[in-house]
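There is one chain below, alone, in structure tokens, taken in the form predicted alone.
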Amino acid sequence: MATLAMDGHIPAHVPGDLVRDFDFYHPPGLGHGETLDIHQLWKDVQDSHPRIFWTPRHGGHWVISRYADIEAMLLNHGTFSNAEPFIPRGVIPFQTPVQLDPPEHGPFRKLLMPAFMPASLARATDRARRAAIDIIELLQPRGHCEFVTDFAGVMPIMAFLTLINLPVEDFAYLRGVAVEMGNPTNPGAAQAWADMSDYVLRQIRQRRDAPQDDFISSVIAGKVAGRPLTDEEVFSMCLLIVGGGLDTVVSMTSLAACHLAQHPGQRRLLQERPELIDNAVEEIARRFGTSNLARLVRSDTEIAGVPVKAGDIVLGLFPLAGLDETVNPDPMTLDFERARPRHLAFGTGPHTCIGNKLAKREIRIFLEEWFRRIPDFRLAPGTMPHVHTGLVNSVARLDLVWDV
């Protein structure tokens, strides 16, 4: 085997034929970030690498990409702990309850639920739709936009800020911080996390001085096992929700828009058959998953017949679960008529993304309101989408044009 330029070691229990030089922050073929389909690059990894393999990058970890293996890992929280979901280890502040396992996880998660109840979701959905309509009607006469900045980075974030009662005028600042936070190996990531932490702490202090009927105030007043939350727990939970609500839908919507800009037949199908939109939302989540998250192995076990040891880290390439042909035939085709699209874009089990219902509503709003006003759009001539990969696969720039 050729010498691998990597930063970790290879443990004795890792078979040599399962070692690959793989950095999920820089997947093969990405280059400078310009590509028409980042998920095709990920699919190439799935097709060309073993079902489970080891990379010494970022301290060394296993990588899995098949639906059955990722699902089994997510459901077996006793063996695969959420204590280390981010790679490299320790690069992101501890987040409660994401980094807790059942049964400790449950009581904290319950404190988050009121923000995602039907009435709250309805208010956020209404705000998202009003924002979407206003933005699109402003953009339509121009005949062009940079989709991420002008639409995807505005509508869902404004809805989310409405959901948790943060100032909607902060969306641009928070979006900029979130972009830097997505790749903790970037030079600006540490400062971005510090900036987000400062922002969250200011919001907590304001509500300690003047409680409101909102998410942060309810966390401050919350109790677990009959005791008040510590200051650290309040901060951690608020950081989790604020930071976690700023990227997934922005990325998924942008990835879908990039694909649809290149496939007029699929655009026409949605225009002619709006009854397909509900299924289209699931199919978009399947085809354009975003998150790459890990688990800490608590006890010796096997994955796909390969022994893994306690203390190992296993990275699940969640977007590739939906691109696994064993559960979704012809997985690279975006098929709005696909029967029961199967994916793990929002996880499964006790750590299922708490905001998945809002995310799906926001994707639906994009499909409904954008297509009503700008049904035929395409990539701007001479441009290529620019993407980032890492904890979240995202689009940094997407230039679109249409006839006015």
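Note that this is a predicted model, so its numbers are computed, not measured. Heads up: residue numbers just count along the shown sequence, starting at 1.
This protein has a second form, the form predicted together with protoporphyrin IX containing FE (HEM), left out of what is shown; the following refers to that one.
Residues with any non-hydrogen atom within 4.5 angstroms of protoporphyrin IX containing FE (HEM) in the model of the complex fall in just one of 275 to 283, 200 to 208, 184 to 192, 156 to 164: 156 to 164. The candidate spot formed by Phe22, Arg66 and Pro88 is out of contact with protoporphyrin IX containing FE (HEM) in the model of the complex: none of the three has a heavy atom within 4.5 Å. Put simply, of His259, His77, Arg109, Arg175 only one has a heavy atom within 4.5 Å of protoporphyrin IX containing FE (HEM) in the model of the complex, and it is Arg109.
Listed residues Ile38, Ala359, Ile374, Ile365 were compared with protoporphyrin IX containing FE (HEM) in the model of the complex; Ala359 is the one with a heavy atom within 4.5 Å. Put simply, His144 is far from protoporphyrin IX containing FE (HEM) in the model of the complex: not one heavy atom of it is within 4.5 Å. Taking the partner from the other structure, protoporphyrin IX containing FE (HEM) in the model of the complex has a heavy atom within 4.5 Å of a heavy atom of Phe318.
Looking at Cys353, you'd find a heavy atom of it within 4.5 angstroms of protoporphyrin IX containing FE (HEM) in the model of the complex. In the model of the complex, none of the heavy atoms of Ser254 sits within 4.5 Å of a heavy atom of protoporphyrin IX containing FE (HEM). Contact annotation for 281 to 308: residues with any non-hydrogen atom within 4.5 angstroms of protoporphyrin IX containing FE (HEM) in the model of the complex are Thr290, Ser291, Leu293, Arg295, listed in sequence order.
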